[in-house]
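Take a look at this one chain, the form predicted alone, written out in structure tokens.
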């Protein structure tokens, strides 16, 4: 099967530079047959980066992309706390650079309309938007979105495809939250490889709204691939989850940029 990984990072890999870390990431990906990988954020996790740190994080991903343009897709890291800087980074990294998506993490909850200018511009550029979501038993980080927060954003932009990162971690609650919002897609990455996660996602959302991701290197490729390989679903649906669905979502911006896959 063709496999594209929606959700990867440079943090936690061996190496002192983006190029060294991307080399190791691809070494591991090659062992399990992953063709292309989407990379977000830089050499360390920053929940609420300053404007200068935001730019640095994106510069580090740009270096990884330059080293492996035929294997990596980059998503620009934006922050709801720094809208003007984030809009400028969209222009630099997507409109005038090689990145193809947007990564939103913890700094501000996505149900806040202050985020809307970023979504508007991302949609104009055809950039795919990925929003981290989580449901923590002990309470979320300040500014950390839940799937319900993302539903509120999706309702404001019903024609814009949005990815529910981690499907909220607690995937049963996450799938229930996003089920009836057709422009929301489930990211399988990051939760434990519990039996039934993929089957439940397909039953709730249909086979076209479920995407494979690993959250590597924080999670192993093997355990995350097993969620799909081991699922009791037809092989044709596994191929959609591993590749076809993400390829379809990225096709508008890949075509606009002349990127052949």
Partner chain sequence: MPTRRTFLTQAAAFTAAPLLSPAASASGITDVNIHLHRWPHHRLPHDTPTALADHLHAHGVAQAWAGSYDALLQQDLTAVNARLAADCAKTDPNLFLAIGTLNPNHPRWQDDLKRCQQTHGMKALRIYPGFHRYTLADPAFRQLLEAATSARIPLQIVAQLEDERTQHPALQTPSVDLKLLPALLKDIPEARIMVLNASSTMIHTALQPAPNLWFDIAKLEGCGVLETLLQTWPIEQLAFGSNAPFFYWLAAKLKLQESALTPAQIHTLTHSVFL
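As the structure is a computational prediction, the values presented were derived from the model and not from experiment. Positions refer to the first chain, counted from 1.
There is another form of this protein, the form predicted together with its partner chain, and it is not shown here; the text below is about that form.
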Candidate spot 156, 244 and 252, all three touching its partner chain in the model of the complex (heavy atom, 4.5 Å): no
Its partner chain: the contacting residue among 135, 125, 107, 119 in the model of the complex [heavy atom, 4.5 Å]: 135
Among 109-117, 186-194, 88-96, 146-154, the region lying within 4.5 Å of its partner chain in the model of the complex by heavy atom distance: 186-194
4.5 Å heavy atom contact, residue 181 and its partner chain in the model of the complex: no
Non-hydrogen atom contact residue 44 with its partner chain in the model of the complex at 4.5 angstroms: no
Any non-hydrogen atom of residue 203 within 4.5 angstroms of its partner chain in the model of the complex: no
Residue contact check: residue 176 to its partner chain in the model of the complex, 4.5 Å heavy atom: no
Heavy atom contacts to its partner chain in the model of the complex at 4.5 Å, residues of 28-46 in sequence order: 28, 30, 31, 32, 33, 34, 35
